[in-house]
Structures are given as C-alpha cells and as structure tokens.
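The data below hold one chain only, encoded as structure tokens and taken in the form predicted on its own.
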C-alpha cells in the first residue's frame, strides 16, 4: 500500500475517534456540572481539561479568561480551532475523500452525511449534539467493520482508532484524578464511567461501589472492555503485525512491551500517590508508538 493512502486512512480514523473521545469528555464535564459543586471546582475542572488536551494557551489567546460556556464552544463547535469536534469531523471527511477508491461506498456515504448534517447538529442542545457525535462515530465504525476487506487498509484504520483511544484514556483519567483531588467523590467517578459507556461494565466486573482505584483498573487493565488501554494495545499489536515492514520491528516491540506490562500489571503495585506518574509514563509510551507508526508507514511531515 502507498504510504500516502495509509496516511489518509490512519488519520481519517484518528480524527473520527478523537471527535468521539472529545464528545465523551465534554459529556463527562456536562454531567459533572449537574452535580452539587462549588463554582471554583467547576472552573478548575475546565482548566484541567484544557491543560490535559494541550490547548490551554490556544484557548487563552482566542477566548481570554476561562468561562465554561466559551470553553465548551471552543472545544465543540469552533470552526477556527483545529482541535474542535466540528473541525475534527471535517478533517476525517477530507481524509476519507482522498481515499474514496480504497474505502467502501458505505463508509464514504456515512462520513459525508455526517459532515453535511454537522451544521444543523451543532445548533442543537449541548447534550443532543454530544450524543449525535457519539452516534455518528459508532455508525462509521460499524460500517467500517461490516464492509471493509480485511486487508492493509482495514488494519491502518484499526491502528488509527485504537492508538487514538489509547492516547485518550490515560489523559482523561489523569485529568479526572487531579481535578477530583485523588477522586474521593464516587458520584463524579460514576459520571466518568457513564460518559465512557462503562458504568454497567464496572458493575459486572466489580459488583461493588465505585472507587477511583477500581475505575482506573478497569480503564487501564481490563482485558475485554473495548475502551480499556490493555484492549486498545492488543488491537494495535495485532494490526501492526498484519502490516509490518522492514522498518517496523522496533515499533512492534514497543507496542508489545506496553501491552505486556498492562497484561501482567496490577493496581496493587501502585499506591495512590504513584498513579499520576504511572499515567504520565503510559501517555509517553503510547506517543512513542504513534511516532513509530508515523516514521515506519506514513507520509513524512517534511
């Protein structure tokens, strides 16, 4: 496969997954704002979110002082901000358009329809808009799985999806952990689980009250949960093996090593004060794998 084609497929799926992840993050913040809280704690949560996403400076330049409504618009519907949901869906569609001969007609129609309907969806109520984003992402992913040949094109879309998700999960958990002062608020962590479609999964796995450490364990180490970091790395390792080339051995090794650490790791080995450092190390390792994928397979930025 041409590296340019792989590049478009990879970023198509990454942008689409990133839009859904951002919708889930904003949904979590919205639901948490409905809980009893002090004004200062809400502002801190938004500040922690902008910092976790790496856009705090861009927000300050464009929007000035922190305001929850302006911050939501900046992350969700601002067409001038490259990291907003609206911009991400636009970029996903543009990458899909560049490889229309490689993806199926159903995939293109789904992504193109999402883009066409985007303006109207963005004018909906905040909660409705976020649900629409998640639904369209689910639909696109389902069409991909249901219609694509299991060839290299399919595996590059999978690498994009699961690397993006693997990058998001530790970042989200770290932001939540810090904003909740090590997360003594069970209601807030329950909101996070619901935003990730993980609340019922948590109940089935642990059959007990919600605690921060168990939430972290579920989102990092659970083997069969689609949004756990361990599951994401398992998918990445499988797809990297399917598209390997002469340059990709080290990237495969790094992805496999991280997966093995998650497979055999235990939360008991990490006291509360060590959890942020653990999440930061995982973030860095996922980024290293992503850089390896770019160097080994994709079009050089230069």
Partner chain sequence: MDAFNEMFATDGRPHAHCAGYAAWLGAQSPERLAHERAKADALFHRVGITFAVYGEAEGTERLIPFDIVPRIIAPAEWRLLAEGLRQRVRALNAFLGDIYGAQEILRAGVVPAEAVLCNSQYRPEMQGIAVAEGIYAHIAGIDVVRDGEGRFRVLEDNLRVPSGVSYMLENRKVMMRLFPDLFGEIPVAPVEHYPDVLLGNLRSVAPVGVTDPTVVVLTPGAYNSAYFEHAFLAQQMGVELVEGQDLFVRDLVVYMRTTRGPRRVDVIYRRIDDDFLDPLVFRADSTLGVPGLLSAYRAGRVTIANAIGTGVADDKSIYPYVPDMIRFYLGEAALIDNVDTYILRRPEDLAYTLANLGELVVKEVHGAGGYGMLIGPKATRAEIAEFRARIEANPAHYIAQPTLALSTCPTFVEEGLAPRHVDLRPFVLSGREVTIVPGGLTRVALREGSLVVNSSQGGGTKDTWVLEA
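Positions refer to the first chain, counted from 1. No experiment lies behind these values; they were computed from the predicted model shown.
From this point on, the text means the form predicted in complex with its partner chain, which you will not see here.
Contact with its partner chain in the model of the complex, defined as a heavy atom within 4.5 Å, is made by none of 118, 122 and 128.
Interface membership of residue 143, defined by any non-hydrogen atom within 4.5 Å of its partner chain in the model of the complex, is ruled out. Its partner chain in the model of the complex is not approached by residue 221, whose heavy atoms all lie more than 4.5 angstroms from it. Remark: residue 243 counts among the residues lining its partner chain in the model of the complex, judged by a heavy atom distance of 4.5 Å or less. Although the partner is absent here, residue 105 sits close enough that one of its heavy atoms falls within 4.5 Å of its partner chain in the model of the complex. Annotated contact segment (heavy atom within 4.5 Å of its partner chain in the model of the complex): 91-99, selected among 203-211, 161-169, 91-99, 189-197. Contacts with its partner chain in the model of the complex, taken as any heavy atom within 4.5 Å, map within 1-15 to 1, 2, 3, 4, 5, 6.
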